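Let's start with one chain on its own, the form predicted on its own, as structure tokens.
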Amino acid sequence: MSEVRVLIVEDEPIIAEDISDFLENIDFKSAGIAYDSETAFDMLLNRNPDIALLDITIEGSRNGIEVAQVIRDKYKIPFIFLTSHSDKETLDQAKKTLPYGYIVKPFNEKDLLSSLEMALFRHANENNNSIPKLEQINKSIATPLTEKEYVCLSQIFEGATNKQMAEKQFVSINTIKTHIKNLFLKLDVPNRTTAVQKVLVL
């Protein structure tokens, strides 16, 4: 999957489906919808999301804030709270998890898109966006990356979406998807976050 994969943790099915449909139209892809914390943990483990949207009030043994803490400690992907709660107590609890965004319902699609892009950009920068040189990477993998694949990898480090990459490189989104698919195969990774983490330790 070359698109940015978003895990949606939301216990209101209509809202969750609306978000999923919206993501499909803006160069992102739903990694799955979790209505409770147990499903969220299963999807974090098995669906390889790049980023998570978390409601705070969800079904299950843990709330969204507790899920966020597990994501920060174990999965190291960015997450954004998407909730109807804006009281000081909830905000103070949420802040302790160091979220990459906090969107209060009702929200509009423009806010969601900008929050996702900012979260990816910030996460990429926090995790050291100085990508190793192509020669260094190719010494450590069985099948070398091409120049074009390396450019895509560099832009993943910057937190760019497929659409942004296509615009920067003056090519189609399908061309970008092909490069990223090949890149993932050569690095033997399932998603963008893992690609960044793997390249940094080569």
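For the two forms, the rigid core is made up of the largest set of C-alpha atoms that agree within 1.5 Å on superposition. A residue's number is simply how far along the shown sequence it sits, counting from 1. Just so you know, these numbers come straight off a predicted model, no measurement behind them.
Just so it is clear, the following notes concern the form predicted together with the DNA, a form of the same protein that is not shown.
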Notebook entry, point to check: Out of Arg47, Lys177, Lys168, Lys29, which one falls within 4.5 Å of the DNA in the predicted complex, going by heavy atoms?
Noted result: Lys177
Item checked: Partner proximity in the predicted complex: Thr146 to the DNA, non-hydrogen atom cutoff 4.5 Å -> yes
Check: Quick one: does Gln155 come within 4.5 Å of the DNA in the predicted complex, counting heavy atoms only?
Finding: no
Checklist line | Ser172: touches the DNA in the predicted complex, heavy atom cutoff 4.5 angstroms | finding: yes
Note to self: Residue-level question: is Ser37 within 4.5 Å of the DNA in the predicted complex, judged on heavy atoms?
What the structure shows: no
Check: So which stretch, 146-154, 39-47, 131-139, 63-71, is the one near the DNA in the predicted complex (non-hydrogen atoms, 4.5 Å)?
Finding: 146-154
Notebook entry, point to check: Does Phe41 move its CA by 2 angstroms or more between this form and the one not shown when the core is aligned?
Noted result: no
Check: Core-aligned, does Ile156 move its Cα 2 Å or more between this form and the one not shown?
Finding: yes
Check: If we fit on the core, is the Cα of Ile176 displaced 2 Å or more between this form and the one not shown?
Finding: yes
Next item on the list: Say whether the C-alpha atoms of Pro144 and Arg47 sit closer together or farther apart in the predicted complex than in the form shown here, given that their separation changes by 3 Å or more.
Entry: closer
Check: How does the C-alpha distance between Pro144 and Asn48 change in the predicted complex compared with the present structure, closer or farther, given a change of 3 angstroms or more?
Finding: closer
